[in-house]
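Quick heads-up: it's one chain on its own, the form predicted on its own, in structure tokens.
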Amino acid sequence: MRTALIAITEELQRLKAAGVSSVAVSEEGLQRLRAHAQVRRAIADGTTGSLPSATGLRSEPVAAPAKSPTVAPGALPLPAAPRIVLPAGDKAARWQALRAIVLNDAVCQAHVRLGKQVVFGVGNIDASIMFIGEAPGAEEEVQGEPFVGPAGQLLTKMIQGMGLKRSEVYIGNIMNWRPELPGGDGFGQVGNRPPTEAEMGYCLPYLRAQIELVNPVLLVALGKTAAEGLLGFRSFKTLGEVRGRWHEFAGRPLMVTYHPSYILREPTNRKKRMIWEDLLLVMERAGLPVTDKQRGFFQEK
């Protein structure tokens, strides 16, 4: 919707410069503009009523928490988390329906900067392993796909080290939009911030729905913020407390490990080995073959 608004604004400016004083607008177009304005008002007011949808599919609000967490700089107040209602159909059709709901979610759209995209999970919908990050970054909000920047390229190499292709696993984020920071030129931002508890709480039902549809054997949380979103905020102080051992989320085994960016900041064999040891546990739990060569990856000499 935001991309469409940019195009409309540019065209109206062109027509005005050409001397055109009025334009005809269809009833459908007016309804879409009113719906977008309603969303912006609802977010600004912190109301939790039912919000308009850009599709015929449904995502319904659930009860808001009694006390809203602190809003981070650049973040807007959020309505209640959605309750997803998918149409009947086979697995692929239901996944496409869920994708359409998320990409057209009015709240997600309202939080995406002009010219950027809402991000939905990608990969094999019959995957045994699902990797989960926290939120899109700069490259992800441009391409509309999780883990496509430098950290994503490293994740792809990690997956290949496990003897798999990226297309054989499923990759998603808890958040569907890049957490905003104040300032910028209206089309982008410099730097990232961790999503708030409220932001991840809004998007978490969409992640749960993907997990239910894909039905992986196990989950892998990448980084402290993703682990907090899945295990609960303030449930641990440092990632070292929870990484390298099994937990549970949505009725499935959950392994917590470091985010690939942890290696990018300091690419030592010691750090690589820490993540790799966690992935060896994932391979064994998923029933993947583990060779002696793989067991010896990144050993310090």
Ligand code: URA
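None of these values were measured; they are calculated from a predicted model. A residue's number is simply how far along the shown sequence it sits, counting from 1.
Below, we turn to the form predicted in complex with this ligand, even though it does not appear here.
*Asks:* In the predicted complex, which of the stretches 203-211, 144-152, 80-88, 227-235 has residues with heavy atoms within 4.5 Å of this ligand?
*Replies:* Heavy atoms within 4.5 Å of this ligand in the predicted complex occur in 144-152.
*Asks:* Each of G133, P136 and H259 within 4.5 Å of this ligand in the predicted complex, by any heavy atom, yes or no?
*Replies:* Per the other structure, all of G133, P136 and H259 touch this ligand.
*Asks:* Examine N176 and determine whether its closest non-hydrogen atom to this ligand in the predicted complex is within 4.5 angstroms.
*Replies:* N176: no contact with this ligand in the predicted complex.
*Asks:* If you look in the predicted complex, which residues in 192-224 sit within 4.5 Å of this ligand (heavy atoms)?
*Replies:* Not one residue comes within 4.5 Å of the partner.
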